[in-house]
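What follows is a single chain, given as structure tokens, in the form predicted on its own.
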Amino acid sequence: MQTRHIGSLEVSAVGLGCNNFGGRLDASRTKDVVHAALDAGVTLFDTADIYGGTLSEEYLGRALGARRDEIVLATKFGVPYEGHPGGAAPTAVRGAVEQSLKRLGTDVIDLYQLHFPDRAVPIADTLGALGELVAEGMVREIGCSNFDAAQLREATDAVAPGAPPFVSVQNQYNLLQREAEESVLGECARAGIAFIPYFPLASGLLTGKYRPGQPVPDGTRIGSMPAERQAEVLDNATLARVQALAELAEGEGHSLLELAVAWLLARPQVASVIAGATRPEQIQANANAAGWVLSPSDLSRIDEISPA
């Protein structure tokens, strides 16, 4: 699989989102998915201390075992959970990283990300605390998530001389939700920040499971939503757009999922597309998508169907 960079870290173009671990997946099924990802050449594993009620980190660390050094391990902090107050104050940062290291069974986190902006704490204070973790060897690179362009600029300007900056931002971005193009991607290009899109398949809408006039499949993320929320997500206009994108992909001999991932990878700021999985076979489908390089003509046709 092709690789790209997040700061000094070399990562696979398709990563694994670990938010299902400890929730939809128990420890045994987590291990199956993790090993399938390793075998498929996936090297970026992204989790968070709150995923699975903290079990995601624990299950991931246990599943990796002796293969920990084969991957780039990314996790997040800042959201409160039982036993930790959350937030981005220096004391909270240190407390969070110590607990994550213990759960993950490792002595270093490759990419440590602030999950959400903390408006109660000056970003300079958070960056200072994170810089100490880098200096102490507990963390290799630092990033953020759910930051807008102004917050990214503020963080960049707040970095002390010689201190590490945020090397990545992880925000929602997919073919149906393109708000990141308004300013965040431009700020990433200006500041040299890698962009990591989450929900690349729009909660499953871009997997090809949902078609006009067909029932919502059982056991899916959208299928578990209340009926009124399903109706909101699966409105006729969205389903028509998804159908048109699926027909475009199939006309080129690819799946809608492959189109969704390849489209994101066509953005030069995108470092890795982190897609979740609940079954080993989904891993290979996600990994295969990295092999399709879209042409300028393909991208123009996509923009006509699903404009920004």
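The first residue of the shown sequence is 1; numbering continues from there. What you see is a predicted model; the values in this text were computed from it and never measured.
If you look for the form predicted in complex with a small molecule, you will not find it shown, but the lines that follow are about it.
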Report task. Pick the stretch from 193-201, 121-129, 160-168, 234-242 whose residues have a heavy atom within 4.5 Å of the small molecule in the predicted complex. Result -> 193-201
Query raised in the report: Is residue 140 close enough to the small molecule in the predicted complex to count, meaning some heavy atom within 4.5 Å?
Result: no
**Report entry** Contact of residue 290 with the small molecule in the predicted complex (heavy atom, 4.5 Å)
**Finding:** no
Query - Proximity of residue 263 to the small molecule in the predicted complex, heavy atoms at 4.5 Å - result: no
Report task. With heavy atoms only and a cut-off of 4.5 Å, decide whether residue 116 touches the small molecule in the predicted complex. Result -> yes
Requested in this report: State the residue from 44, 37, 259, 275 whose non-hydrogen atoms include one within 4.5 Å of the small molecule in the predicted complex.
Outcome: 275
Query raised in the report: Quick one: of 178, 221, 102, 153, which gets a non-hydrogen atom within 4.5 angstroms of the small molecule in the predicted complex?
Result: 221
Query raised in the report: Every residue in 51, 146 and 209 with a non-hydrogen atom within 4.5 Å of the small molecule in the predicted complex?
Result: yes
